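A single chain, nothing else alongside it, follows as structure tokens in the form predicted alone.
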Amino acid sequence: MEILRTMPKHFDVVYVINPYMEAGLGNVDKRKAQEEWDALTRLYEELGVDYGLLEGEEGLPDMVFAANAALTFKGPNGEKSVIISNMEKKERKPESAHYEKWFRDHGYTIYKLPAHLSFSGTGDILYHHDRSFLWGGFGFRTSLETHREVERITGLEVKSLRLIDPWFYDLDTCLAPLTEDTALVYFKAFDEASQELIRNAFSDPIELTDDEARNFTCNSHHLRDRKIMIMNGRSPRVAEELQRRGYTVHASPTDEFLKAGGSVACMKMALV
């Protein structure tokens, strides 16, 4: 399996834990959300993406955003391993137990962080394109100290980036590493030191406008080694930039999920 997903049966916006939810509160079209999720499913199947599936749980409307559940990695002997998230928001904390059960049932070695360390999974920890190190966001939903624990557990360096804009509370909302040279990035989401770190790492960044960033353009799914991008379809300029660099871009609208502050990348957990 390449990714893990959770069905949107219980998806809704019933509380506010990020700025997008202010307008989305009570305004989700659940039928349309299911149609969007089904369309993304068909696209994954057409592209040959193998995925695992959870049903979701009543009372956990954000569980559909599987990216926040954990970080998977290869252990020292190549074994499937996972660090389970410590959700910073109390509304989402119960999700972790359900994901942990799935990983145990599928033969993963389980690692847990100390309870006082917040961790938003692959929302805030992203692999560099060649998986030689990790990019880590902190400031809202993941503790800086968590990065050091992730380094200790995985054996991979974490390059820490401070997030400063509450509209971009997870790293996957404002950075998408693609190749050695290219990333999608919204620089205003980071402090100056973090901006410099990103600029030094990528010689050909695709810089997003405010509107492109708020439309979750960074929150796209890059099918590694295939030069395929799945995006929500709201950023035609970025799609053109990617196509110019040799990518095939597929649009898969996620309008209803944007109301909760999530899009394509949020709705999958990358498995290794």
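Sequential numbering from 1, following the sequence displayed. As the structure is a prediction and not an experimental result, all values here were calculated from the model.
There is another form of the same protein, the form predicted together with a small molecule; it is not shown, and what comes next is about it.
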Stretch in contact in the predicted complex with the small molecule, which is absent here, among 29-37, 63-71, 42-50, 221-229 (heavy atoms within 4.5 Å) | 63-71
Contact test in the predicted complex: Arg141 vs the small molecule, heavy atoms, 4.5 Å = yes
Does the small molecule get within 4.5 angstroms of any non-hydrogen atom of Thr173 in the predicted complex?
-> yes
Check whether Cys266 has any heavy atom within 4.5 Å of a heavy atom of the small molecule in the predicted complex, and answer yes or no.
-> yes
Answer with yes or no whether Met21 is in contact with the small molecule in the predicted complex, where contact means some heavy atom within 4.5 Å.
-> yes
Non-hydrogen atom within 4.5 angstroms of the small molecule in the predicted complex for each of Arg5, Val82 and Ala270 = no
